[in-house]
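Here's a solo chain for you in structure tokens, the form predicted on its own.
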């Protein structure tokens, strides 16, 4: 490792001298580590947020942050929180970076983020529909190398790469399981295969999970303890943040709302069931419906443009899809009682035309108090959310970093 190795991030008490367990110096070191881990896990935070995250008193956090600032470990700057003046704290960059890679049905995006949660490199390319696993992983590796070169970052500075795909992942093995939008990838152990190509540690996750992580890390929902992120694209999935952490369930297969039954007499879904949400509300379904009367096949961009122009057929399809999404999300909301539901994916530019029917569907099918007290909003991160979440996945793994 170079002089900028991430191993230098751990603050050693008294310049590395041994300390007695239970001493004031050791206690300060442990508390400082708790603050450092909280910043690694969730990015820049106010001192009040750090106090809540670590369980330390406001006075203790203030004193330790002052010490860390004097030592050059963190940077502080004025901000506002709930309308009040506050002090934002972020880790200083050391040269170490995390990579976030989002592999979709038709694209690959790569971002590079520093320990201070600053983006220093980013690019994306298109992929052909139905690409094989080898083609997708080779393209991701080539783009990764390109972004590293453009940012002048050596591979020895990369802590690891978080990688998201649109499909369920068996977290025990890192294997893509049945139900993925990329059926060609089912059975592939991406964790092993990509690690060979990228030559850095690899962490695999579902793209909706990473979208949820991005909302509480990079988006405006950093203080949110319970959040549902719904990604509506060719497939539909949800990422769940419960009590401040991503929820994975038993083997990692959670949030598969795209296969919630909306109509018992509906179309056969790719999963084998009938009337799933994806057969009603996915972009693939919307494109199919609107292309029937069009001279040429409709695209997602066309849907956004036609809705903005007030096309009645497009608005009806979007409204029906939104109501169905709201109904499916209501089931999760009734079980989890989230603070916020964030809608992401390729239709975020539709704005209220898509958001309003989702809200109506939620209010109609959720317990009244839950529907009334749950905020529904569009993601502000656009098509970058999943790659940003993938980078955050690496940054949050403090034990791997330090």
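Positions refer to the first chain, counted from 1. On a predicted model such as this, the values are computed, not experimentally measured, just so you know.
The same protein also exists as the form predicted in complex with another copy of the chain; that form is not shown, yet it is the one meant from here on.
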{"item": "Interface membership of residue 368, another copy of the chain in the model of the complex, 4.5 Å heavy atom rule", "value": "yes"}
{"item": "Contact label in the model of the complex: residue 252 to another copy of the chain, heavy atom within 4.5 Å", "value": "yes"}
{"item": "Residue 178: touches another copy of the chain in the model of the complex, heavy atom cutoff 4.5 angstroms", "value": "yes"}
{"item": "4.5 Å heavy atom contact, residue 301 and another copy of the chain in the model of the complex", "value": "no"}
{"item": "Non-hydrogen atom within 4.5 Å of another copy of the chain in the model of the complex for each of 52, 156 and 383", "value": "no"}
{"item": "Single option in 283, 88, 124, 226 placed near another copy of the chain in the model of the complex, where near means a heavy atom within 4.5 Å", "value": "226"}
{"item": "Among the candidates 336, 41, 29, 65, the residue which, in the model of the complex, approaches another copy of the chain to within 4.5 Å (heavy atoms)", "value": "336"}
{"item": "Stretch in contact, per heavy atom within 4.5 angstroms of another copy of the chain in the model of the complex, of 42-50, 56-64, 342-350, 371-379", "value": "371-379"}
{"item": "Residues of 271-292 having any heavy atom within 4.5 Å of another copy of the chain in the model of the complex, listed in sequence order", "value": "271, 273"}
